[in-house]
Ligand code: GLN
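Presented below, as C-alpha cells, is a lone chain in the form predicted alone.
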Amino acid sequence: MTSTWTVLNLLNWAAPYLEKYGSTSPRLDTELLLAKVLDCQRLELYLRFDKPLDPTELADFKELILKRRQGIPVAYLLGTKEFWSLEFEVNEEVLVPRPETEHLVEAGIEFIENNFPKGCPVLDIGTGCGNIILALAHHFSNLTDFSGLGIDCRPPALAVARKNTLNLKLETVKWLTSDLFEALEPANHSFDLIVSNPPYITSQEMVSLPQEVLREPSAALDGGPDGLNFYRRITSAAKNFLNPGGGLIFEVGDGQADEVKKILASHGYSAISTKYDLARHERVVFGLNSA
C-alpha cells in the first residue's frame, strides 16, 4: 500500500480481505475502522471517497485491519459500542453489548412502567460495561424514585462501567464489586427489579466459539456444563433481596427458556413468561416474586 490509496480503494480492498479471514460483516467492519482513522462518520466516507490517505492514516488503518484479521472485535478496536442508541466505552475487560440484549431492557422498562410509575430500585447482576442498567437509567432519568446498582465480580469491568456513568451523566446508578449477592446484605439492599444477562454458554460450547468471541472475557460467557449455573445461583438467592411484587428478568441463550422457567417455578416465582427476539427465539424470561 502507498499514500496514493484513496478511501474507495481501501474500502474495496479491505472488505474482501476481511471476508477471506472470516469476518461476517466485512464491509461494515471496514467502514467503521476507516471512519475511526479519518475521524468521521461512517456515511461520510462516501462523500469523500476520492480522498487519498496520508502515510500516517494509511499505517493506522492497516494496523486496525490486521488486528481485525486476528479476530479482535471491532468494538474493542473502536473503543466504543452503540447500545440502546447510547455510546458505551468498551475494552477487553467487558463483554461487547449485543443487540438482542435490548429486549431485556425493553422488558425492564415495561415492568417498571406498569408497576412503579415513579421508578424503583433496580439491581443489574454481572453488569459488565453497565449497558443494561444505564440504558434503564437513561430511559427513566425523569423519575424521582429510580435508582440503579450494577454489580460485577471483576473490578476492571466496573472501571469501564464507571466511565460510562460519567460519560452519560447518569448519577442515579452506583457500582459495587460483588460475586453475585456476596457483598450485599438483605437488610441494606432491597430491589423491585433484578435484571441479569448472565454467562449462559455451556463449557463444551466454549471450546468451539468463534475466534472473535473468544477474545471476550470468558468469565462473562461460561455458564457451566449446561449453561445454567448462574440462573440457578441467582434465582435461589434473589428472593432475599427482591421486594414482594418485584420482578426478576433474565436474558437467556437459544433453547434455554424452558429450563430457566422451570428454575424460576421451582423457587416459587409466579407469572412466569418469555419474550421473543427479532429472530423469534425466546430471549427474555420473567418471574414475579409474589411472596
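Note that the structure is a prediction, hence the values are computed from the model and not measured. Just count from 1 along the sequence shown to find any residue number.
Only in words, not in the display: the form predicted in complex with this ligand, which the text now covers.
**OP:** Tell me, please, which stretch of 181-189, 205-213, 74-82, 91-99 lies within 4.5 angstroms of this ligand in the predicted bound form when heavy atoms are compared?
**Re:** Of the options given, it is 91-99.
**OP:** Answer yes if any heavy atom of N164 is within 4.5 Å of a heavy atom of this ligand in the predicted bound form; otherwise answer no.
**Re:** N164: no contact with this ligand in the predicted bound form.
Original post:
Should I132 be classed as touching this ligand in the predicted bound form when contacts are defined as heavy atoms within 4.5 Å?
Top reply: It does: once this ligand is placed as it appears in the predicted bound form, I132 has a heavy atom within 4.5 Å of it.
Original post:
Any of the heavy atoms of A220 lying within 4.5 Å of this ligand in the predicted bound form?
Top reply: Result yes; A220 sits at the interface with this ligand in the predicted bound form.
Subject >> Distance check, P199 to this ligand in the predicted bound form, heavy atom within 4.5 Å >> reply: P199 belongs to the contact set for this ligand.
Subject >> Residues from 160-187 in contact with this ligand (non-hydrogen atom within 4.5 Å) in the predicted bound form >> reply: Residues within 4.5 Å: none.
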